[in-house]
Structure formats: C-alpha cells, structure tokens
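Presented as structure tokens, the chain that follows is alone, the form predicted on its own.
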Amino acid sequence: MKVLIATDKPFAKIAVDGIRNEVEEAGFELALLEKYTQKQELLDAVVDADAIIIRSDIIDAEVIAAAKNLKIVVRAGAGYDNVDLEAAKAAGVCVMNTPGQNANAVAELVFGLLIYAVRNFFNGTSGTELTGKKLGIHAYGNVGKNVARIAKAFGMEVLAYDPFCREEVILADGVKPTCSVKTLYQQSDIISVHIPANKETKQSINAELLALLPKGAIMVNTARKEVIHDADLVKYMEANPTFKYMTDILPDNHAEMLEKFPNNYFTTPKKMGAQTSEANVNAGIAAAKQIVDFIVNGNEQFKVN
C-alpha cells in the first residue's frame, strides 16, 4: 500500500516525519513529491499511489484518471475545493479533509489582521480598539468557534450566522445567533468570513450584503476569494472610504485594490491561515491517521464526497 505526499509547498520536516511514522507503523510505504513545478510530475507520481495527502495541490479528473490504484485523497486542511469531488466519486475514490486541525491558526490570523486594521496599518495615527465592538462570524464551524473564543477574550460582543449550526450550539458558546445573514451584516461592526466556496456561496458577498454594513465597518476574509464579488466590493469601497477589507487570499483584482485603496485594503502575498508550524504538523499527521483508519478499518468519518 503506497501513500504519496504530493505538495508543491512542502510540509515541515517534523510533519513529514510524523506522517512517515503513522504510515510505516501501519506497514505502508511512503513516497514524497515536493516542490514540483509541472503537472506531469504529479501525474507520474500518482500512477501507483493508493492514497494521496495534499495541501493546496490540484487533484482534478486528469490526476484521478492517472492514479489507477487510488482509493483515498486527504486534503490536509479544511477547504477541499482543489479536489474534483465528482471525478473522485465516479472513480470510487474517497476524499477527506482534516477539519479543525488549522482552526486555531486561522483564528489567530484573523486577529492579527484586525489589530493591523483598527490601528490604521500602524501608520502612526490614532486608531480604535476591539473591546466593545460587535464581531459577526459568517459561518460557525471550527474556525468560527475559535474566532469567537478569542473575540470574547478581547471583550467583544460576538454574533454568528450559520444555517447548518443549531442555535443552541452557538448560544452555548456565549455567542448570539442571528436569524439571517442580512441581520448579521446589519448588526456587526466587523465581519469575519469563514464560508466555503461552493455553488451557493461564490460571489455571495455582494452589493446587497455590503450595503447593510454600518459606517466604518471592517471585513476580514480568511476563507476563499471566490466568495467575494470583486466588482461590488470595489464599488462599495469607493462609496465608503472608512470601510476596510483585510484578507489572506490575494484577490484577482489585487493591483486595482492596492491602487485605489492603499489605506483601506491589505492582503498577505499568499494564503497564510494555516501557515504555522503547529497547524502544519497537526493537519499532516491527521491526514495520515485518517488514511490508515480508512484503509484498515473502513472509517469514512471525514469523507466529503
């Protein structure tokens, strides 16, 4: 049984060592494909792989077709829109993610971006404080829960909207559930976005929602760039010069945003949410454990297709 780690952005050595321990203790072979630059390298590497661990690497129909022995793909992280779920399902390949392993890392980044925003990008001018502000969490999953925990420590009032999370779960965390996403945007000084990118959510943060925000609002997006309607965001920021947009996903219209809103827009050069040594290790080892458990015991707990 061959497990392939295919990562153009490699795991830390400690994570690879941990993955190797899990895989080899189960009697499986581990193969590495790191820092590859051509898709053909990936296609060649998957030919005899029974399982694949990836990060942001693209597993499309062509890759799945090339991997004749493939049984499972695990995305070491929460998002899995880089995997063609339909092609995998058609080929009988199980796809999993590792929910929760990166959650604290992403949540801490939210507050790094927020402090940078409320202190006016540390430009020497007087800023504001987070204490007493209303933080709206758009999707209350593993990351959202961690954001709420940290926000309460800052003395913030926390609201959340998630149609897939029961109100009693949100209330149990000392967070106020809202009846609709529109209400969340109307009542929040700050919005932290954690929705996945799918058919229902792509470009869903649009002019209609943005218009509901109060003056001087801040939006932090550590989810996916596709959920933002770029043209609507630009128009909104042009009309609302006190609004700030902070993200760790480089938008497609980055050059335009930077030129028009140098004091109200910030992005990291690459996705940074899970870029901590702890998250790197946690997600990688969780992926290896899930593969072993799936192959040995048939456990499909984290299957997403």
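Don't overthink the numbering: it's just position in the shown sequence, from 1. On a predicted model such as this, the values are computed, not experimentally measured, just so you know.
This protein has a second form, the form predicted together with a small molecule, left out of what is shown; the following refers to that one.
For the small molecule in the predicted bound form, the listed stretch (110-118, 193-201, 71-79, 134-142) containing residues with heavy atoms inside 4.5 Å is 71-79. When you look in the predicted bound form, the only residue of 268, 240, 253, 56 with a non-hydrogen atom within 4.5 Å of the small molecule is 56.
A heavy atom within 4.5 Å of the small molecule in the predicted bound form is found for exactly one of 49, 274, 246, 64: 274.
Proximity of residue 102 to the small molecule in the predicted bound form: non-hydrogen atoms within 4.5 Å are present. For residue 9, a non-hydrogen atom is located within 4.5 Å of the small molecule in the predicted bound form, even though that partner is not displayed.
Proximity of residue 224 to the small molecule in the predicted bound form falls within the 4.5 Å heavy atom cutoff.
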